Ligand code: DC
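Presented below, as structure tokens, is a lone chain in the form predicted on its own.
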């Protein structure tokens, strides 16, 4: 079974998807980390971030996998390195490249094949897994998302204002919804979950209930089949 969580930055997709997968005992696919990994390898190799063909070549040749909350590229753990400010800045042009997104789409589908997966991003339900049994668009008001991000930044000791976060968030939302490929949108058939006023446990309770309601029925065993007349 595949569960997709899409939505804007700051909506809590990553932490929610990670915890949902943990409680279900399923695979958690962090698609943002996958694009970050491509950006990291491209930067290390000195590949220009506007060279789409070379970026796509990186995306099709590296091996990415997740293990116990850590991210590995070709067996090297890169969990912390892919989330530096420099790599975050390098990731946007990589994620906007159509050839890279095409390569990532194929990799994500291969990773999910035959597995129970919770995956999150911008286009998981709309583009990558339109056949997913449960598609969710997780969102919150701009003010609520900005307040959450502000709390995270202050906890890290970074000096930033709510106004600065709101401005940056507005720019990012515009960019995410106007991408040439992989634009953020609510997928057809997706459930809308507005998390304003909800804590994480309340959000997880809703998601777990939706998962239970959409689980494929187990195949009938010989003992459970009705007798033939």
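Residue numbers count along the first chain shown, from 1. This one's a predicted model, so the numbers in the text were calculated from it and none came from an experiment.
One more form of this protein should be noted, the form predicted together with the named molecule, which is absent from this view; the next part is about it.
Residue contact with the named molecule in the model of the complex: residue 105 places no heavy atom within 4.5 Å of it. In the model of the complex, no heavy atom of residue 115 sits within 4.5 Å of the named molecule. Using a 4.5 angstroms threshold between heavy atoms, residue 176 counts as touching the named molecule in the model of the complex. When the named molecule is considered in the model of the complex, residue 185 lies well away from it, no heavy atom lying within 4.5 Å. Heavy atoms within 4.5 Å of the named molecule in the model of the complex are found in exactly one of 159-167, 32-40, 198-206, 49-57, that being 32-40.
If you check the named molecule in the model of the complex, you find no heavy atom from any of 18, 139 and 147 within 4.5 Å.
Shown without its partner, the chain has 83 as the single residue in segment 61-84 with a non-hydrogen atom within 4.5 angstroms of the named molecule in the model of the complex.
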